[in-house]
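Below, in structure tokens: the form predicted on its own, a single chain.
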């Protein structure tokens, strides 16, 4: 019966809560909408995911997020299942595929909080919007996927480097946000694998319809998992760097952002992780630091480091301890934070991406 999949969709619920302590000098300057934000108990989010094949041609997935501030549709999109020529189309509201982390939800992260690159460039909810995406999986001997996305360029929480909270409307395709990605996977040998990516996000910004924002990024994910001996152990190194260029009246602003993180998982239920992040000051055409209209307090380089210890009692629960030290150069001392986060999952939650 066509559409019978909707009568029995896959359903899962993910709860994220945390206890936080911020040092005596105040809170770190977080960028994520669901980051712990105050001393004591924090309700990060409750995510409800619903998905099913509608018929032989389409699949529907929806993610609803409940927080202390209300309910939002994080993603809701349809995906084709039967296009020819190794093509796939996705349409609706979704997170675009720029880089490694942007398209993932908090329960897919290796740390409690959102990284600075995603929050600074795209917004506290990650980069996304209403649009359409076409992807193509090549027939080459190695895994190579190309994707092209066109979507709304507005949203203070999801497109802050573009129209952001000031929607100037759409008169032609130049008023949309366009995201292009190239992803390649290589099985280096039985134990080592590598995933690389190149991404570009191009669109208008709110300082004037003729002014543009261009973000270009590189990312890499190197994984070592022995197939013999201590097969329960794995090491992963993930790196991402992005350059942003924005036209504004009488100037062009540029900055760099990036992070590197190393994760060691042993004995299946344990993992230790370390992350270093960097966000440069914003510079004008003359190469001198200038005030950023999006982040007026971000007047110098910023570094942030974090270490985390994670334990999975089962595949349906996770406990994570994290310590963070934030070094914005415009402050006289670093800001410190400690988190203890609990995640509980129930239902038919799908596997996370590689």
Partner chain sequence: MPFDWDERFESMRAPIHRTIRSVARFRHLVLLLLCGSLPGASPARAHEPLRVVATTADLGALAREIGADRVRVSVLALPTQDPHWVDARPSLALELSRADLLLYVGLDLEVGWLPTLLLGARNPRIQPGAPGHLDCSQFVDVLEVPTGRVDRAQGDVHPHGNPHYMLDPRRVVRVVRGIADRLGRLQPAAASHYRSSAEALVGRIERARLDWERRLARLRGTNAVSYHRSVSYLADWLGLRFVGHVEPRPGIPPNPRHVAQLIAAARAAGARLLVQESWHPTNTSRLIAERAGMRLVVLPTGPDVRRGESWTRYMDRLVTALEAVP
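Positions refer to the first chain, counted from 1. Predicted, not measured: the structure shown is a model, and the values here were computed from it.
Just so you know, the form predicted together with the partner chain exists too; it's not on screen, but the next bit is about it.
**Prompt:** So which of 182, 156, 87, 132 gets a non-hydrogen atom within 4.5 Å of the partner chain in the predicted bound form?
**Reply:** Selected option: 87.
**Message:** At 4.5 Å between heavy atoms, only one of the stretches 219 to 227, 122 to 130, 274 to 282, 255 to 263 reaches the partner chain in the predicted bound form; which one is it?
**Reply:** The contacting stretch is 219 to 227.
**is_contact(residue 249, the partner chain) in the predicted bound form, heavy atom dist at most 4.5 Å** = Yes, residue 249 lies within 4.5 Å of the partner chain in the predicted bound form.
**Asked** Even though the partner chain is not shown here, does residue 288 get within 4.5 Å of it in the predicted bound form, heavy atoms only?
**Response** It does not: once the partner chain is placed as it appears in the predicted bound form, residue 288 has no heavy atom within 4.5 Å of it.
**Asked** Closest heavy atom of residue 202 to the partner chain in the predicted bound form, within 4.5 Å or not?
**Response** Flag for residue 202 set to yes.
**Partner proximity in the predicted bound form: residue 198 to the partner chain, non-hydrogen atom cutoff 4.5 Å** = No, residue 198 is distant from the partner.
**Request:** For the heavy atom contacts within 4.5 Å of the partner chain in the predicted bound form, list the residues of 289 to 323 involved, in sequence order.
**Result:** 313, 314, 315, 316, in sequence order.
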